[in-house]
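Listed next as structure tokens is one chain, alone, in the form predicted alone.
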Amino acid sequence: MEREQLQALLADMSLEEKIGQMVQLNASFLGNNDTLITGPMGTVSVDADEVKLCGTILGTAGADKLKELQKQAMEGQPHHIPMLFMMDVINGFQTIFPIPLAQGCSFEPELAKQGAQIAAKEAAAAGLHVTFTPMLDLTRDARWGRVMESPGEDPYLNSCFAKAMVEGFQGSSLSEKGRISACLKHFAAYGYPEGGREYDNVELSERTFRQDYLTGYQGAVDANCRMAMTSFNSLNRVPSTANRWLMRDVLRGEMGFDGVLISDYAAVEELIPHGIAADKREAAKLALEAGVDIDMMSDVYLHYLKDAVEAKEVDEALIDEAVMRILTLKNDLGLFENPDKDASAEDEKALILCDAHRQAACEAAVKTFVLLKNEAQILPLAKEEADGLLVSGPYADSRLLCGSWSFPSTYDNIPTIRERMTEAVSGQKITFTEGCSLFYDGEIVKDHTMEGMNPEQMEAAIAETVEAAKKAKNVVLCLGEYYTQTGEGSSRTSLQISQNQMELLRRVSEVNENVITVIFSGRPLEMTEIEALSKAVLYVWMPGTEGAKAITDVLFGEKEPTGRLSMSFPHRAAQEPLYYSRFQGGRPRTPQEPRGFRIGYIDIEYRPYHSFGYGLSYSTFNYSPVSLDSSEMTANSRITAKVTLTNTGNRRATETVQMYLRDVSGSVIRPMRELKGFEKVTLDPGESRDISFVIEEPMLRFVRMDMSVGSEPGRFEVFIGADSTTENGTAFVLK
């Protein structure tokens, strides 16, 4: 359709029809019992005639099913307007990739782009039009459960991944086959709730908000993301879903977003318990005036907007604006010409979990693994010595390798480590034991009671593993969090694995000094004791469909771990929130100085245990001192910073070279350092290569004292090295 035709359609629609377009319900309201429920049902009450006007549906997929739903919807809709079908396709549809936080650790945005392309192909074939991703909330508190959905703690890295993911889902045109709309979320600052508590208030100065937290979202807007989602939280005491300044002035006005704005699940109705709306009618008014186009999973718009318009409490022109944006998205997807778009049972069969997609998921997982420790180069293991290997722990033979917000239709399609390792060492015998369950039977995790071993069974399983460990040359323990311990609604005060798993590790390490621990998790955990008891630690996050194959390849040296941390790891949870780009303060302290009367704690180091950017490889690298082609720079010039990187090990390996800048003094205090560039470099043993980064004036800009954005003359330091703690640097002056 041409825009004039859309405008004519809008003009011919009744008020009830227009409001219907602004309502999203799940498919259960259409009589579909196979519906994914991702939030509380609240007080939604809708009759059959009202459902006919509903413009979007969430939570169900399947080509034939959605074709039939689309047919029924269009037949019952006065103007035969097609529906939008949406779902949370976060890190894969059925071929599940590593969680987004793990993908951030790849420092390879193209990896995220490829994963999004594959997810879009599978989801589009299953009849979907929109996914609720990427989540671009800056995450600096590991207690918050949804850190697993974000690329991490750094604004620049998040922006790079935002752009890549949107491009992967949307391509150059939404109407292309295999493309779906992305949805940036959650606007805004959802990732910094007080105490790490899900859904809680966020307090941020406007300077910090603009300097750090808007950057990732802006990357998605710049990539032409067609949808955005409001956040559950209040920001500086105003719920985002009712925050007109945030949505209209900042998101649409300053940032340039012109797509559809959808609430999060029942967030419009939740304006009432927030205490900013007295009832549903006021909630409808506030959300509409803030610019919310679609009310997800509540009946607030459906039942209260019409009366508010007729009573002249809200301007119908606001509804027209919202509906035009919704119709435009449907038109951009090509739904008016082809309501089923790419839905195809044949394509579903051909694409979902195909060999090419599985291979891509495996390669992605390898690039996200972070080697935290490798004492005496115990890794990689030799396949020919597999007869002396013991593999144990609750993840050794588990198919639950996908993170929260992953919805594989069946876990039978996910191989286990035991299966993949057995295949890899055909003809040799690896010893496998269960070791322990993730939890004791009856322990409550999140909102349900876990099935596991009782105390007697647990002791027997641990004792069996200890006896096997006495005879083994090397032991691989596969430990970690359960997948529901992260994700929405999974904030924690403890960042430790369960005590029964720690008991297994402690007792095995007493009888075998060659313990290799593989950690599965959706967030940074406390690793101090785990690393002390292990000769090597490989952090594999929640690796997805082909995680077991990737882990096997890395442990046996077929592939190398190249991941680097995109979130800092604490010594203890009490350090959170924690991030590398902190301020020096007026009383800085070096590790050698006394702890009293200086920044920090009296009982523990205040810096991260493992800082942003950290990670080991199976080789070693040497960096030359940083050199600059000029010691001075102007607003119209540039400086090239260079190091020579040398592979000093005995195998081909990849290093993630990272460049950080520091503005030494400004009109407001500036971070100790900020990531401004990175490059992954693969070198043969003994090979050297010059690595260069170009520094330009826009990279030096910040929110100044008067709230304007720009750079200021003065001294800047540039650091290039293996992680955010590198001291390999020099300085230049901006004139």
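Note that the structure is predicted; figures quoted are calculated from it, not measured. One-based numbering along the sequence shown.
There is another form of the same protein, the form predicted in complex with 1-deoxynojirimycin; it is not shown, and what comes next is about it.
A.B. asks: Tell me the stretch among 181 to 189, 372 to 380, 357 to 365, 344 to 352 that has any heavy atom within 4.5 angstroms of 1-deoxynojirimycin in the predicted complex.
C.D. replies: Selected stretch: 181 to 189.
A.B. asks: Kindly confirm or deny that 132, 232 and 264 each have some heavy atom within 4.5 angstroms of 1-deoxynojirimycin in the predicted complex.
C.D. replies: Result yes, every residue of the spot touches 1-deoxynojirimycin.
A.B. asks: Which listed residue (146, 549, 226, 535) meets the criterion of a heavy atom within 4.5 Å of 1-deoxynojirimycin in the predicted complex?
C.D. replies: Only one option qualifies, and that one is 146.
A.B. asks: Under a 4.5 angstroms heavy atom criterion, identify the one residue in 54, 66, 58, 700 near 1-deoxynojirimycin in the predicted complex.
C.D. replies: Of the listed residues, the single hit is 58.
A.B. asks: Can you work out whether residue 296 and 1-deoxynojirimycin are in contact in the predicted complex, taking contact to mean some heavy atom pair no more than 4.5 Å apart?
C.D. replies: Although 1-deoxynojirimycin is absent here, residue 296 would touch it in the predicted complex, with heavy atoms inside 4.5 Å.
A.B. asks: Wondering, does residue 488 line up within 4.5 Å of 1-deoxynojirimycin in the predicted complex on heavy atoms?
C.D. replies: Within the cut-off, so yes.
A.B. asks: With the cut-off set at 4.5 Å between non-hydrogen atoms, does residue 405 touch 1-deoxynojirimycin in the predicted complex?
C.D. replies: Residue-level check for residue 405: yes, a contact with 1-deoxynojirimycin.
A.B. asks: Flag residue 88 as yes or no: does it have a non-hydrogen atom within 4.5 angstroms of any non-hydrogen atom of 1-deoxynojirimycin in the predicted complex?
C.D. replies: Flag for residue 88 set to yes.
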